[in-house]
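Okay, so here's just one chain, in structure tokens, the form predicted on its own.
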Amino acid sequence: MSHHLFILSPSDTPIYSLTYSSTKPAGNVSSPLSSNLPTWSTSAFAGTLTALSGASSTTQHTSGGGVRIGGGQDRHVIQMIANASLDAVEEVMRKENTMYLKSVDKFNEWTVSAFITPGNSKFILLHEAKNDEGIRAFFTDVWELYVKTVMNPFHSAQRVIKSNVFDARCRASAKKYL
């Protein structure tokens, strides 16, 4: 089961992303898109349907320290889902006066949860299983790490976070709560 975290600056610019694959069993993941289509149409577009459904997301670490999801196409689909959910996040933000917005959007089996900081930075998490308390604790830990990073006088809120320590602590928090 994989989780995808995106931290966005107040101007909705991505400043950090993390892909974490949990060792917990994901269960049987089927492609809801292909189940509604005739078999002749799914064979020609099997890769696209699989990518859109998120059924085969494998994490690969690149030599530059980044993370690549799947065969390249999955990464773009995950980014599209996170970007498309921003409208839903802003709509829920107006209605609720809380930092943790729980489940704000859903795309096939991906559920989008969000956390809004007082400075209007957004933490977007794509996940497959429901784990509200674990996600809340994860967001709280990441927020503490984010505040410590942003309080650094040499860092601005608009800059990409490239700290190996920040990344390692986010991964440790993901391992603990997700």
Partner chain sequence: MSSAYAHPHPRLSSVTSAASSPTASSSRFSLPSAATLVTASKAGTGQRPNIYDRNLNKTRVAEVSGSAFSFLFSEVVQYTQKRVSGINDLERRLNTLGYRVGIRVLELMIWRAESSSKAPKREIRLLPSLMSIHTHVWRAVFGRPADALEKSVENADEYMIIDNDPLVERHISVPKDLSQLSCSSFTAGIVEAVLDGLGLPARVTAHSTPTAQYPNRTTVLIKLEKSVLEREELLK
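The model shown is predicted, which means the values in this text are computed figures rather than measured ones. Residue numbers count along the first chain shown, from 1.
FYI, the form predicted in complex with the partner chain isn't displayed, but the following is about it.
Asker: Trp110 near the partner chain in the predicted complex, any heavy atom under 4.5 Å?
Answerer: Contact with the partner chain, no.
Asker: Please tell me whether any heavy atom belonging to Thr117 falls inside 4.5 Å of a heavy atom of the partner chain, as the geometry stands in the predicted complex.
Answerer: Although the partner chain is absent here, Thr117 would touch it in the predicted complex, with heavy atoms inside 4.5 Å.
Asker: Please determine whether Ser163 contacts the partner chain in the predicted complex, using a 4.5 Å cut-off between heavy atoms.
Answerer: Although the partner chain is absent here, Ser163 would touch it in the predicted complex, with heavy atoms inside 4.5 Å.
Asker: Please check if Leu145 has a heavy atom lying within 4.5 Å of any heavy atom of the partner chain in the predicted complex.
Answerer: Result yes; Leu145 sits at the interface with the partner chain in the predicted complex.
Asker: For the heavy atom contacts within 4.5 Å of the partner chain in the predicted complex, list the residues of 129 to 155 involved, in sequence order.
Answerer: Glu133, Arg136, Thr140, Trp143, Glu144, Leu145, Tyr146, Val147, Lys148, Thr149, Val150, Met151, Asn152, Pro153, His155 sit within 4.5 Å of the partner.
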